[in-house]
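Below, in structure tokens: the form predicted alone, a single chain.
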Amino acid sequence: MERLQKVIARAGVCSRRKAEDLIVNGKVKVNGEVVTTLGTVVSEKDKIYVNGKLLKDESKAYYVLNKARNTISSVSDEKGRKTVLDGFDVKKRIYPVGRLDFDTTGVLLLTNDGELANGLLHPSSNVSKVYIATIEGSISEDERLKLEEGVMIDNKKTSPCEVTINKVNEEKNKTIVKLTIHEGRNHQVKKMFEAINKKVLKLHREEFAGISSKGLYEGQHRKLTFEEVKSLKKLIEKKGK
């Protein structure tokens, strides 16, 4: 027996939180009866309908994409802009795990495993995210330490992180900085640099939850290996303990 919202999320329909909303709003039926009580448990024998469609626990798919610049981290775009799914030829309904800004490149996971996606994005997940930022000008040691210790963005201080100065180009007045953060706040890296009066010229996410884009050119994707999927699930299991 398993909770209804967890079964819906595992089937790749949506996140567990979204599944709870569907249940509360009377969009879910179990064996022909509308269920609105959160925590309802079901078995493999039960027939579950979400928005009138029979739930099928399709096989899971896991991909890593090196997101190209100027693409939308969404399954579709009403303005007709290119999305991260445009390069995929997959019959399963996959979707991005979180978002990267329109002009940001790098690691983006895509899956139909709602439970895993929801777990990785949960504020308590504490998964690592490694960014390479090219900023205008230089950065002093005091400024680097400020970033590491935490700066105020959107009226809240960022958590401690790791900041390394990779390269300084005095001729072009640019500095390449590596940041390892464990949060997922909106436009966080750009806002962190804004807090110390630095402009980000280019931003690339090198790694997410231990998964890298190494060997992938911009816009290219690949399936995650069995070991990579296993490592992601272990992160979620640890969070739940």
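Don't overthink the numbering: it's just position in the shown sequence, from 1. Remember, it's a predicted structure, so these values are computed and weren't measured experimentally.
Omitted from view is the form predicted in complex with a small molecule, to which the following refers.
**Student:** Quick check on residue 187: any heavy atom within 4.5 Å of the small molecule in the predicted bound form?
**Tutor:** Residue 187 belongs to the contact set for the small molecule.
**Student:** Do residue 143 and the small molecule come within 4.5 Å of each other in the predicted bound form, heavy atoms counted?
**Tutor:** Looking in the predicted bound form, residue contacts with the small molecule do not include residue 143, since no heavy atom lies within 4.5 Å.
**Student:** Report whether the minimum heavy atom distance between residue 64 and the small molecule in the predicted bound form is within 4.5 Å.
**Tutor:** Flag for residue 64 set to no.
**Student:** Please determine whether residue 104 contacts the small molecule in the predicted bound form, using a 4.5 Å cut-off between heavy atoms.
**Tutor:** Yes, residue 104 is a contact residue.
**Student:** Could you tell me which stretch in 75 to 83, 157 to 165, 93 to 101, 115 to 123 has residues with non-hydrogen atoms within 4.5 Å of the small molecule in the predicted bound form?
**Tutor:** Heavy-atom contact with the partner occurs in 93 to 101.
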